[in-house]
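Okay, so here's just one chain, in structure tokens, the form predicted alone.
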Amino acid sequence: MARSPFSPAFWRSPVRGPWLTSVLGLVLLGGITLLFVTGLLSYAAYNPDLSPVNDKTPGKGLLGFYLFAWPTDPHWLYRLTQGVHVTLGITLIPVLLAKLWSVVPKLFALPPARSVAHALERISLLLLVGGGLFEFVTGVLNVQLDYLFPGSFYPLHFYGAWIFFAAFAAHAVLKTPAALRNLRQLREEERDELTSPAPDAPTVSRRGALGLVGGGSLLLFATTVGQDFDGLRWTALFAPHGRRDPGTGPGGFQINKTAAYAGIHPAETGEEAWRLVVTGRTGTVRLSRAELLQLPLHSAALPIACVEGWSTSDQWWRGVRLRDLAALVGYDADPPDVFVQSLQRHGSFRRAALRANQVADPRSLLALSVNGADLTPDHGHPARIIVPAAPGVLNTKWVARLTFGDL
């Protein structure tokens, strides 16, 4: 019996073969392409080319060619794209691992390079395997753990995604035609270089193995997707941030950062101490919460959606329109971009920028209450931003200052 992984006889599973590898590869072709596209959309939603405070991947250069002004319609857009991104990523884990297992003998094939073309293929394979594992591991850890990569997750995941997808695209171009031929022509008993020359006795068929992989993916899907639906959150075992018990009452919906985590002191958010500072073309206005409540108030039904994949259902927010606050400092028509600063002391996105189209949307509010009650400290009391279709971190809590105009 061969004891070295460099010997083809070392790999004795009778399940390996072109049919199983082709099926798994084609599933990943569609799944990873959708995963990559929704990941790029997630990054675009931060409007990173608007202001340095929004850009968590400085120096991206040509990799930012696709960036565009993130829209506010439909209001659930980011909830959909990021929910699909995270749920699909977790669902594909069994498929990715099975695919890597099915081709692992190729990583040990000798000689290492039979030609220049073969050497390039082996290098792309290493980038594909390494990049895939890196992207999936960092993504899962970000979903599972609180702030494991403070300030570094975005560039790690962004650049890693481009490296991985470049290798994946090259591999797909080379292998997809063969995979399609395999599905049309091959029988389970046919052999190729992945088939063991000395297989063990079978304990499961290739179709049975595929069923196990599919069952694992369905299980992960069922224990993740509930993070986006109120009645199913208890099922989201693999999405703990969306599963946390938010309590009851008007503020009984998910949060990311608590007031305690953000370093918010009750004394600085009280009626006597807190003032909203609004700056723009005609100068600066300072408003107490009582004065804000005297301005025209409007309501909007909007969700909160987080980069970790969880989201809330629509909540009823009430407050002052951002475009009305812009009008107080000289922007009666065509309100500009706004720079938002928070009282928050700890964590990322203490400051954020919103585009003019987000400011102008009538549903974009400086919210003072939600679901008929004043904001709680953890939901951003005394005032927070709420904008349709924006990532949760751009819906800044504990707002202290709004600066309209050139950022």
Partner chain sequence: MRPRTVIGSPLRILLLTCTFALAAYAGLRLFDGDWFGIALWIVGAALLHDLVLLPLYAAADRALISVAGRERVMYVRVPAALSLLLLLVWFPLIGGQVAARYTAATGLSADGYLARWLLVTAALFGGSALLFVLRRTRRPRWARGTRGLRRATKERPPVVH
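Positions refer to the first chain, counted from 1. Quick caveat: nothing in here was measured; it's all calculated off a predicted structure.
If you look for the form predicted in complex with the partner chain, you will not find it shown, but the lines that follow are about it.
Worksheet item: Looking at 93, 277, 183, 80, which is the one with a non-hydrogen atom within 4.5 Å of the partner chain in the predicted bound form?
Response: By the 4.5 Å criterion, the partner-contacting residue is 93.
Worksheet item: So which of 109, 127, 293, 328 reaches within 4.5 angstroms of the partner chain in the predicted bound form, heavy atom to heavy atom?
Response: Flagged contact: 127.
Worksheet item: So, in the predicted bound form, is residue 245 in contact with the partner chain at a 4.5 angstroms heavy atom limit?
Response: Heavy-atom contact with the partner chain at 4.5 Å: present for residue 245.
Fill in: Exercise: residue 202 in contact with the partner chain in the predicted bound form, heavy atom 4.5 Å
Judged by the heavy-atom cut-off of 4.5 Å, residue 202 is in contact with the partner chain in the predicted bound form.
Fill in: Residue contact check: residue 258 to the partner chain in the predicted bound form, 4.5 Å heavy atom
Because a heavy atom of residue 258 falls inside 4.5 Å of the partner chain in the predicted bound form, the answer is yes.
Practice prompt. Using a 4.5 Å heavy atom cut-off, state whether residue 238 contacts the partner chain in the predicted bound form.
Written response: Within the cut-off, so yes.
Worksheet item: Just one of 355 to 363, 338 to 346, 27 to 35, 60 to 68 has heavy atoms within 4.5 Å of the partner chain in the predicted bound form; which?
Response: Among the candidates, contact is made by 60 to 68.
Discussion item. Is the partner chain in the predicted bound form close enough to 116, 145 and 224 that every residue in that trio has a heavy atom within 4.5 angstroms of it?
Written reply: Yes, the whole candidate spot contacts the partner chain.
Worksheet item: Taking the partner chain in the predicted bound form, which residues of 358 to 375 have any heavy atom within 4.5 Å of it?
Response: Residues within 4.5 Å: none.
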